[in-house]
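Let's start with one chain on its own, the form predicted on its own, as structure tokens.
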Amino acid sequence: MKHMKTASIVLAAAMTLSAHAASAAEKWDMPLAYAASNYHSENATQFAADVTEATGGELEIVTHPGGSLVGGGEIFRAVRTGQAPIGERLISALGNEDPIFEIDALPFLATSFDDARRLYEASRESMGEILEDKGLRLLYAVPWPPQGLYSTNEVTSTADMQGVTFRAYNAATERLAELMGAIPTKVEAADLTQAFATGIAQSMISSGSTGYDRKIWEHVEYWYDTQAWLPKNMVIVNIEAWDGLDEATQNIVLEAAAAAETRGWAKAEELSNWYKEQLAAEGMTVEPPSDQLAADFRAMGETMMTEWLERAGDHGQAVIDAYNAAQ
């Protein structure tokens, strides 16, 4: 009888612990703006799987690509308000939140992967502080390949862009359109195909990756490899959701985030030339910008840098100084 009583106590304790573990397990839905086949989404999905596996399912992260859970333009707000505990957003699309987020979309400031890495390292601390003030934590960031000019018509100088509808995805691309005399129209990545098919957009600056994902060759003939900048996506987490994790789980998430960042940067560089080759193989004209177009863009880049420093003030100048010092 004594042994039976002891066994019952042990069984009851085990069931209690099991029930507690089950109740402690969490599921985080992670909205993503880009297609499931895009390397950013694939990388985020691997990150989510790594966290889920390493925690034994105590923290399960489930990705929702293509804006299927939350539209790309709403992801930042959704994570900030706790509607979603974690998500991915294009950093430069957040210029209205703070000028520092526009830094990687300033034309010709950082035009290579090495430069983009130095700019990220120079600005990461500042971005992290701003995000924390907004109730968010930066987990990792991954770049897009260098940006080029897509156009339905041949472009030899920015004079050819007068009156052309131009897809803008952040404040920097809106300003660039204005300087070219183009007409900016805001279009999220998920709506690009329809925008070009219906004439809502006739041009844009974006990476070879975006064009490939959206089969842009069905509607656009030209892509000029301007290498204007390398924007980044960042994965952010709601601070309250983060603080709800124990230290061991937080460390697992941080380790998986560091691995995702390293993996994502390497993949972006690996795919950069491959995307160009695919666009050309599908019949697009893929070539460097003319000397005049390149000169026009550089002049606009200088204008935009001056304007940005006026908005960003000493904080922005400090980041630029740190970036320049690292070169």
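Since we're looking at a predicted model, the values are computed, not measured. Residue numbers here begin at 1 and follow the sequence given.
Keep in mind that the form predicted in complex with a small molecule is not shown, yet the notes after this line are about it.
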Exercise. Hey, in the predicted bound form, is L245 touching the small molecule, heavy atoms inside 4.5 Å?
Worked result: no
Exercise. Counting only non-hydrogen atoms and a 4.5 angstroms cut-off, does Y169 reach the small molecule in the predicted bound form?
Worked result: yes
Exercise. In the predicted bound form, does S151 have a heavy atom within 4.5 Å of the small molecule?
Worked result: no
For this session: Report whether the minimum heavy atom distance between Y275 and the small molecule in the predicted bound form is within 4.5 Å.
Result: no
Exercise. Looking at I183, A189, L179, A241, which has any heavy atom no more than 4.5 Å from the small molecule in the predicted bound form?
Worked result: A189
Seminar exercise, completed: From F47, W28, F297, Y34: within 4.5 Å of the small molecule in the predicted bound form by heavy atoms is Y34
For this session: Given that the partner is absent here, state which listed stretch (158-166, 112-120, 201-209, 67-75) has heavy atoms within 4.5 Å of the small molecule in the predicted bound form.
Result: 201-209
